[in-house]
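Next up: just one chain, as structure tokens, the form predicted alone.
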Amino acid sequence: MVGLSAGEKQFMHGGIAQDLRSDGRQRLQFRPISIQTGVIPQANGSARVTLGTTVVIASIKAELGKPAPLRPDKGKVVIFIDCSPTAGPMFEGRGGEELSSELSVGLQRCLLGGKSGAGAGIDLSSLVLAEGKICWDLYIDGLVISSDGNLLDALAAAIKVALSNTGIPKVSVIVEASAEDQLEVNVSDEEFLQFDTSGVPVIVTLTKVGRHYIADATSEEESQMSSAVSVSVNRHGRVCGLTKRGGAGLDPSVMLDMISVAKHASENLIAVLDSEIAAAEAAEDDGS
């Protein structure tokens, strides 16, 4: 927990009220963001995202599996987040475990939709190779290396970038004529399919401090929040998920306004990520 003096709190609240935050940003302005792809060679895709002084890594591992009986037409995605104890003293012991669980659940709600898969930002049906028989299971691991606030947005950005860096082996599935349950699966070692990230959303978290809400809050700003709403939005402006933190309630009209603001802010964030991804891909091509 960040400890602030009464004077520091008053300075922060006063600045936010005047649309001038402690680090010089406006209320809805993000910190500088930079990315690096292919940081974990053993993974199918990976990325490192730096947002201000918050640093996270996401990796994607694809394995062949079997669809769940109740969802035979959909593949599976599992998200697990780990908070390194070196990222901050609050991550030591059970504090880190609780935050890791909270972040994992928040990302699942915002990226994978409901239990039925409806509204999922990641197209689970695209992971199926033979309905009810074989699919791709995606294991998404996130690691918080350095924390200075807004972890959910940073991790979601890292996952989106890592997915854009993901190559899934080309697979041919042949059903044996003698028995429908017998499948012959050939996995290519040379041909890879690029994962389609066109529908994968970003997350924009709006944090309410005093009477106003801000985007991309730092740890100090988060220590003064009454509540926070995280909205996942794809490039088409569709809201894919939503989660709320903090005990203070929000008026429905305020919630709707926050969603509208988050949708607008997501356009800028997606544009920045697109530019960074293109630059990272160009750097990889030059290095190869």
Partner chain sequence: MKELLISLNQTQKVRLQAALQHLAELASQVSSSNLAVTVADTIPVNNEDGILKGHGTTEFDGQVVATLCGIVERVNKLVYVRTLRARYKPEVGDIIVGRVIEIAPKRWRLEINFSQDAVLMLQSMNLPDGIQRRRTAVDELNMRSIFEENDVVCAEVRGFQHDGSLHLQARSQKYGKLERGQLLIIPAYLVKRRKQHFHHLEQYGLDLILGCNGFVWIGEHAEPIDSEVLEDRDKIPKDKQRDTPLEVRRNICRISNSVRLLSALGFALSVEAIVDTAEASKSSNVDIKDMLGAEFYVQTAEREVQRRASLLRKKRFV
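Numbering follows the first chain given and starts at 1. Computed from a predicted model, the values in this text were never measured in an experiment.
The form predicted together with the partner chain exists for this protein as well; it is not shown, and the discussion that follows is about that form.
Would you point out which of 230 to 238, 53 to 61, 245 to 253, 259 to 267 contains residues with a non-hydrogen atom within 4.5 Å of the partner chain in the predicted bound form?
Residues of 53 to 61 come within 4.5 Å of the partner.
Whether residue 271 contacts the partner chain in the predicted bound form should be assessed with a 4.5 Å heavy atom distance threshold; does it?
Heavy-atom contact with the partner chain at 4.5 Å: absent for residue 271.
Just to confirm, residue 147 within 4.5 Å of the partner chain in the predicted bound form by heavy atoms?
It does: once the partner chain is placed as it appears in the predicted bound form, residue 147 has a heavy atom within 4.5 Å of it.
Is it the case that residue 279, even though its partner is missing from this view, gets within 4.5 Å of the partner chain in the predicted bound form, heavy atoms only?
Close contact is absent here: in the predicted bound form, residue 279 is far from the partner chain, nothing within 4.5 Å, heavy atoms only.
Considering only heavy atoms, tell me if residue 284 and the partner chain come within 4.5 Å of each other in the predicted bound form.
No - in the predicted bound form, heavy atoms of residue 284 and the partner chain never come within 4.5 Å of each other.
Residue by residue through 5 to 26, which ones have a non-hydrogen atom no more than 4.5 angstroms from the partner chain in the predicted bound form?
If the 4.5 Å heavy-atom criterion is applied to the partner chain in the predicted bound form, 5 to 26 yields 5, 6, 7, 8, 10, 11, 14, 15, 18, 20, 21, 22, 23, 24, 25.
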